[in-house]
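Next up: a single chain in structure tokens, the form predicted on its own.
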């Protein structure tokens, strides 16, 4: 007998809640949630489509995991704490093995970051996953894109370029014969199971002046900060912390799927930043500074680098 909508929900997406702030979760017309006292809510939505955000050959476990991780990265960029998720899944046909692996990936990420699945939707159509994530932040300490000021330094967490390199490898593996099996595994895990910088974002909310997560590429996402803050900036390609496997540093300017944080900070707070880096064991690298004006300049070996692209565009 084929699975129907309610069988699928009961079998793969209904589990006891991890959190005591869920009064009513999935299984009713709406979830009933208990917002943390004195906090403000954060809400973000992401959609992953087959053929755009993942391949037909991508494992359902990885699709499930990444669908949550990308939204967690948005919460991290605001300095918030994730609480609850709702997932809308569109599938062509309900295959039990696929649903089992997808739900395992979904819950692997949810459980890792103590997020409760509180509802969603299931429908038939081309494969797509939409995730709504809700989080909380302190009303006086959260990050936005519009606080950067001239003189601030521009930083990034972690290393850049792994997501873009993994995608390039999948599209044309013959170009990357120098990448061994272990390195391939590392790159693909970074692409399909990214690590949202939640601890880093929460601590940075006390000192950073602006922040964004790097999903569409460093240049594209940094420009959102510059536009919102009405400032300009300069970055140094030679300063970019990139994976050693990347053929050239400049390619990290526009490659997406890194899910690191790009943020700005006043020089007076560098000692505090060093303590955050130590506490989270996260590399934090200065790649430039905020300037007057509205232009973004990119330097390599002291010379201006013409930008032929900015990063991923949906349209």
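Remember, predicted model here, so these are calculated numbers, not experimental data. Residue numbers count along the first chain shown, from 1.
Not on display, but discussed next: the form predicted together with another copy of the chain.
The candidate site formed by 239, 245 and 299 is entirely out of contact with another copy of the chain in the predicted bound form, as no residue has a non-hydrogen atom within 4.5 angstroms of it. Taking the partner from the other structure, another copy of the chain in the predicted bound form has a heavy atom within 4.5 Å of a heavy atom of residue 43.
Of the heavy atoms in residue 47, some are within 4.5 Å of another copy of the chain in the predicted bound form.
At a distance threshold of 4.5 angstroms between non-hydrogen atoms, residue 211 is in contact with another copy of the chain in the predicted bound form. Using a 4.5 Å cutoff between non-hydrogen atoms, residue 86 counts as a contact of another copy of the chain in the predicted bound form. Residue heavy atoms within 4.5 Å of another copy of the chain in the predicted bound form occur in exactly one stretch of 101-109, 177-185, 157-165, 70-78, and that stretch is 70-78. When you look in the predicted bound form, the only residue of 18, 10, 24, 307 with a non-hydrogen atom within 4.5 Å of another copy of the chain is 24.
Contacts of stretch 158-183 with another copy of the chain in the predicted bound form, defined by any heavy atom lying within 4.5 Å, are made by none of its residues.
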